[in-house]
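Take a look at this single chain in C-alpha cells; it is the form predicted alone.
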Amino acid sequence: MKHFDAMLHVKGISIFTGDIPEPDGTLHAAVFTSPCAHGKILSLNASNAAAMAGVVKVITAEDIPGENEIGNIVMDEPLLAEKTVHFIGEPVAIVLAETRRQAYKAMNALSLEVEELQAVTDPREAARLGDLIVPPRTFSCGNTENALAECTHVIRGTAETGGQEHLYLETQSTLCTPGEGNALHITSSTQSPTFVQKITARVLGIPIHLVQVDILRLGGAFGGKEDQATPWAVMAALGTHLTGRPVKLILKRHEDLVNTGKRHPYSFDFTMGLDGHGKILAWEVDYYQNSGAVSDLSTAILERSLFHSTGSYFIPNVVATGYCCRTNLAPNTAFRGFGAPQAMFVMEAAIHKASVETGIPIEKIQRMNLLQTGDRFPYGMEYTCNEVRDSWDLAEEFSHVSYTRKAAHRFNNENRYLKKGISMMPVLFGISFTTTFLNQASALVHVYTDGSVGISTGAVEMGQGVNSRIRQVAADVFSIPVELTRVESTNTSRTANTSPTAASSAADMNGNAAAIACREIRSRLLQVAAVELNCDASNLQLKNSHVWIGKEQTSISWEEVVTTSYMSRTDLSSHAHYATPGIHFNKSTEKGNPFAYHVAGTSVTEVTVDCLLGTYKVDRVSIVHNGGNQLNPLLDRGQVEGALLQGIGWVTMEELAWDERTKRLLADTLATYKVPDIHSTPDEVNILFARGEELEEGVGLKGSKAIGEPPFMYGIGAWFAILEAMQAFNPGSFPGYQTPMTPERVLMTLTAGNRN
C-alpha cells in the first residue's frame, strides 16, 4: 500500500502551513535575535524600528502578559531574553508589520547593546566549570571495579560524535488567528501540538481551552519540531493576543539553521574489560553531552543514551554516567535516534579498539557478546527474544560476508590507491517513551451515513506515513476499502492531551487507539445487523464490505448496515484511549521495564576509498531488519532507506563548525553544510525484513514493529568500513574515534599516517 500523501506531493497540491491563505489583516513577524553568544543586555533600542513604515508593534519580554518561560522538563528557557543572552540566535524581540519585507527591514533597524561574557562551547569545559543542567545520572549493574581487576585486557579511550542539522524541507512555520472571547487558533509546524497549546496558555496567562492547535502535515521534522517548534508558535500567538490580528511567522532557511538546535554532540571517556577470548566483562563510560544553552529535551535524550549504553551487547558489569553540559550554543534537541546513536557509536569504537589491541577479529568480539534470550540490561529489563543474534547470522548469510571479505582482500591486493572496507553493525532499539506517562494516545472515529469514515488522532503526519497506517487499521477493522477512510488534521480540540509524535511510538499508540474506537463501532453495527437477521451478534462479522454469518455472506452491505444503524439511533462515533501496557520505570533506582519491545537488525556495509583523494563511495549496504508482522512493507522500506542515508550522512559528511572566537555557526547555509545527495547514496541497498518475535495483543500495531528511528543506526557502519579501507592502505593511519569522517579528515589522516 502506498503513502496516501505521495500523489498530492507529486502534484504539488499538498497544503503546508505556509500554503494556507492569509486572512485579511494578517501581520508578518520577524524575530530579532542575539548576535552575541553570551552577555548582559545593557540596552535594546526599538524606537527607530517602531517608527518605520508598516510596523504595528515591537514586542519585548516586558509585553508578555503571563510567564516568560517555555521550558518543558526544566524551567530554564525564556521566550524572549530579558537581562542576559546565552547563545547566538536567542530571540530578543518580535517585530510585527503589514508585510514580511517591512517586518525584516524594521528588525534590522533594532540595536542591542551587550556586555560580552565568557562563552563556553565545549561540554568538557562546561563540566569542569560545574555548569550542568541537572546533576549527573548513572545506570549501573554488577561491579566494574572487581570485574576490571580480573580482565585479561583493559581498553581505555575517548571518542567524539558531532551534531547534525535536521534540514527538514519546511522551516519552522506558524499562522495564528484570533477567535471569539480571546480564543486563538494556531496552525503550527510542530510534532507536539499539546505542548504548543500548553506553553501558549502559560505565556499569555489564559486557560488552555482557549488555545486550539491544528496541524495538517509537516514538511519533515526528524525531532527538530518536537520542542523547537514551540517558541515560534508562541511568538505568533503572543502577537495575535496583543494586536487582535492574525500573525504569520515563517523562518528563512538561514534563520532556521542559526536559531535552532541540532543533534547533540557528545564527548566520551570509556573503559572496556575483556577476557582472553574476547568476552566483554566490564564497561565504564562517561557521556559529556553538549546540551546547549537551555535544557530543551537534553535530559530525556541523555537518559535514552544511558538506556542504550551497552548497544546490542550483554555486559554483566556496567557503570554509565551522563552529564548534561550547559554551553553557549543554540539548545540542542531531539533527532532521530534520540541519544541512542551516540551511545552505539562509542560502544562500537571501544570494540574496534579492543580488536586492535587484542588481535581478536572485531566481528568475533561483536558476535560473541550479542544479547540473547534471558539476558538483562543494566536498567534491569530482561531481553525476551533472540532477534539480535538471529539478525546477525541472517545478515552474514544474506550479504555473503565470507565471500565479500575474500573479494575485498583480492581487490585491495590488486589496487594500490583504491581500497575496500567492510563492517557489520548490529542495532537494538527500545520502543516507547522512556517517560512513562507519555505512552498514551486517544482517537475519535466517526462513521458517516454513507459509510465513509473520519478519524482524528494525536499523531502528526510528517512524511513518515503514520496516517496511511492509521487508515489501513480502520479499513481492516471494518473490512472496507481504505479509500472510504480519511484521517483528519491533528487538532487539540478533537484530540486533547496528546503526546508528541516521536520515539517511533505514534503509529503504535494512535493506531491502537483508533482500532479500539473502530472495534467499538463495529460491535454496535453488528448488534443492529443481528436484529435485522434475527440471529446472535456473536455469529456475525464484517468482511469484504458486507455482513457475514459464519462463512456465508448476507445481503446486508456495509453501507446498508450503517444506514440501518443510524435510523435505529445507534451511535456511529467512538472516542477511545490507549495506554502502552506493561511498562514502568523507577528513576530513584534506575530500574524497570521502560520499553514495550525492542527492534533489532544488522547491517553489512561495503565501501571503497580513494586513498589519493580521500574520497569514498558506499558500494553496498545489506540489512536484515526485524519488522514484525509488517503492516505496510512499502512504507517500512522507505523508512529504512531514508534513515540509513541520514545515518551515513551523520558519520561521514555532515559537519557543524563554529567560529572559535565569536562562536558563530559557520555551517549556516546550504552552501556550507553538506548533506547526502543522490550521488552519496549507496550503489546497492538490499533489505531483508525478518518477522522475528510475535508481539502480544495490543503491543506494536497489529503485530508490526516501529520503524522510524532504529534504521538510522545502520549508517554507523559506514564509519568503520571507511576506517578499515584506510588502514588497508596505510595500517598506521588512524583519525581518532570522531565523527564525521569527512573526505578532508580521511585525506589528512592518510597523509599523516599517525596512530594514537
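All figures in this text were calculated on a predicted structure; none of them were measured in a lab. Note that residue numbering follows the sequence shown and begins at 1.
What comes next is about the form predicted together with a small molecule, which does not appear here.
Contact annotation for Ala502: at least one heavy atom lies within 4.5 Å of the small molecule in the model of the complex. The closest non-hydrogen atom of Tyr287 lies beyond 4.5 Å of the small molecule in the model of the complex. Taking non-hydrogen atoms only, Val477 never approaches the small molecule to within 4.5 angstroms in the model of the complex. In the model of the complex, no heavy atom of Ile362 sits within 4.5 Å of the small molecule. Here the chain stands alone, but in the model of the complex its contact with the small molecule, taken as any heavy atom within 4.5 Å, falls in 430-438 among 631-639, 402-410, 208-216, 430-438.
Although the partner is absent from the chain shown here, Glu226, Phe338 and Glu709 each have a heavy atom within 4.5 Å of the small molecule in the model of the complex. Interface residue among Lys248, Arg469, His598, Arg304 relative to the small molecule in the model of the complex, by the heavy atom within 4.5 Å criterion: Arg304.
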